[in-house]
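A single chain, nothing else alongside it, follows as structure tokens in the form predicted on its own.
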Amino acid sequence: MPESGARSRNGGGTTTSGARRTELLAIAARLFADKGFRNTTVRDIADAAGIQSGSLYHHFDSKESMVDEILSVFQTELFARYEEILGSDDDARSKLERAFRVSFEAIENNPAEVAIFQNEADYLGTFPRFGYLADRNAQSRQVWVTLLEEGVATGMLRDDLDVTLTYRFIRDTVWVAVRWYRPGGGLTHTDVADQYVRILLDGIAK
């Protein structure tokens, strides 16, 4: 396999550095999610990629840089979708439903990134370069609290709703689904999101 930026000897084209970086990040993300960030070494990543450890350093200076890029890119895309929901003209219920679907779609499409954040955010947050993780936590809280408060204000949700408690319920039940949800199983991420919406907004009593 040609190294990044190297031209194929058989004239098959060029392997771009960007494509190779993306491939290496995907490999690292799976290992961080499965083994844990602290238990994954640069050699582990290189071995899984079929390259020498030294070759990995042509693309990244450390595994910290890798997990930083994995999390920051994922969260930038996720929160852009939340902001789109908040800024839309949809009614309060539709906004909440969309937020649930976006969240479960993230678990479907980016399970490694979600798992890494769930498992490693507290540890990584002890290092200055990952200070933005706490900011993202606060931003996530604000997204859901805003949606819930809008629901109360418009009469879609009960006026005696404890918004903070409801936010914590959503936080602690939605993202933990990454531990049990399996793409390709009996339920799609849309099915799961629909069930969560009905449980939260319509209840489970007959």
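In this text, residue numbers run from 1 along the sequence as written. Predicted, not measured: the structure shown is a model, and the values here were computed from it.
Another form, the form predicted in complex with another copy of the chain, is not on view; read the next lines as being about it.
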Practice problem: Heavy atoms, 4.5 Å, another copy of the chain in the predicted bound form: which of 22 to 30, 41 to 49, 153 to 161, 54 to 62 makes the cut? Say which one. | Solution: 153 to 161
Quiz item: Thr173 near another copy of the chain in the predicted bound form, any heavy atom under 4.5 Å?
Solution: yes
Quiz item: Just to confirm, Leu148 within 4.5 Å of another copy of the chain in the predicted bound form by heavy atoms?
Solution: yes
Quiz item: Would Ser140 sit within 4.5 Å of another copy of the chain in the predicted bound form, counting heavy atoms only?
Solution: no
Quiz prompt | 4.5 Å heavy atom contact, Gln195 to another copy of the chain in the predicted bound form | solution = yes
